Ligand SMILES: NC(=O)c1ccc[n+]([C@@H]2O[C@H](COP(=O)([O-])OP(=O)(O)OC[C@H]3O[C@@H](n4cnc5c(N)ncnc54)[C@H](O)[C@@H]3O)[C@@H](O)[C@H]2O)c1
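Before any questions on how it binds or moves, here is one chain, the form predicted on its own, in structure tokens.
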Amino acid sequence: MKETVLGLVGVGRIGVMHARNIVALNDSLGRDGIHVRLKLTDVAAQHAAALATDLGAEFVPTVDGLLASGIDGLVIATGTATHPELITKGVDAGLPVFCEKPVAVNVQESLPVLDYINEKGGTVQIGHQRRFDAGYLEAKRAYDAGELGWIHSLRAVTCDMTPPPVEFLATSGGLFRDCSVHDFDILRWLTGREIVEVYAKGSNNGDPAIGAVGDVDTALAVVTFDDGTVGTVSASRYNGAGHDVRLELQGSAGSVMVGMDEQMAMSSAEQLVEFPSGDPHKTFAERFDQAYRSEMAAFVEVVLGNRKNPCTPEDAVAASRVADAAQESLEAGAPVRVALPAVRS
């Protein structure tokens, strides 16, 4: 049995999910002769220690202590502002790193981190979990196989059932950056094309406090790809029917939709149509439960050297560039060209 030790920094809501998923990996990886052991740390020491006890993991009081404790890979699930420092620490320790998106609070602050990772030859996987969702994987297979013909329209939707706390929204960078960035990433990943222009509009019909902190509760972006194909990306904080994540690809030979299952947060207005009959998902964690598990299993493969990095920091920053352009367009009320990275010599 080969043992792999992962160190986790941050056990807030998503960190706790990652911790449980890491421990649960042994149910599947054990069949391949791999055992994963977890060590974790958080500034909320009492909470972290209790979680470690509950999961049979090891609590380490500090990040530096965790890095020096003999781990094989580092998982970062802390607030965005801490990502650059922790990524750098992990790379300096010679460890493969998994970090929740984004790399930094904005593209400009991400660029020095990218340079550092590349200079040091580091491996950093960014957490865009939709790349591991079965529906998106099937849509990509159909697209790559040419089964849809040439694509004339793409429509991506991400709607939360209820908004997060206003305190979070005040520092999130806006709806496009903290929510739609997942759609921008998946559109680039699925099509293999760059988004070159964005035209965004938004509204506030919910809690006035969301507008007071400079955000919108509902937004729509028209995106143009480098081959002229157009698409839309829409998002909302107030989808009372449930957590709604979908992607439609319409082509000259066929069409496919991700998210059209029995738990779709939608009802039909047509007579005698009972689909969907299941209970809608309420949060992203439910909707992407298996994707998050697969994402962490992929990171273990990266740590073991058995898999190429499935989501690079460059990928994540490219999606953030589109989100930045969308936010700029929203504020300016005009289309904005996406700032593509300079070509390195």
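Predicted model, so just to flag it, every value in this text is computed and none were measured. One-based numbering along the sequence shown.
One more form of this protein exists, namely the form predicted in complex with this ligand; it is left out here, but the text below deals with it.
Novice: Of these, Pro96, Pro102, Gly174, Gly202, which has a heavy atom no more than 4.5 Å from this ligand in the predicted complex?
Specialist: Contact check passes for Pro102.
Novice: Among Thr80, Ser110, Ser236, Thr123, which has any heavy atom within 4.5 Å of this ligand in the predicted complex?
Specialist: Filtering the options by heavy-atom distance leaves Thr80.
Novice: Any chance all of Gly10, Gly15 and Ala44 sit within 4.5 Å of this ligand in the predicted complex, going by non-hydrogen atoms?
Specialist: Looking in the predicted complex, the three residues Gly10, Gly15 and Ala44 all sit within 4.5 Å of this ligand (heavy atoms).
Novice: Is there any non-hydrogen atom of Thr191 lying within 4.5 Å of this ligand in the predicted complex?
Specialist: No, no contact at 4.5 Å.
Novice: Is there a non-hydrogen atom of His182 within 4.5 angstroms of a non-hydrogen atom of this ligand in the predicted complex?
Specialist: Although this ligand is absent here, His182 would touch it in the predicted complex, with heavy atoms inside 4.5 Å.
Novice: I'd like to check something about Asp217: if you look in the predicted complex, is any of its heavy atoms closer than or equal to 4.5 Å to a heavy atom of this ligand?
Specialist: Judged by the heavy-atom cut-off of 4.5 Å, Asp217 is well away from this ligand in the predicted complex.
Novice: Contact between Phe168 and this ligand in the predicted complex at 4.5 Å, heavy atoms?
Specialist: Contact check for Phe168: yes, within 4.5 Å of this ligand in the predicted complex.
Novice: Using a 4.5 Å heavy atom cut-off, indicate which stretch of 228-236, 82-90, 204-212, 267-275 touches this ligand in the predicted complex.
Specialist: That would be 82-90.
Novice: Going through 127-141, which residues have a heavy atom within 4.5 Å of this ligand in the predicted complex? Please give them in sequence order.
Specialist: If the 4.5 Å heavy-atom criterion is applied to this ligand in the predicted complex, 127-141 yields Gly127, Gln129.
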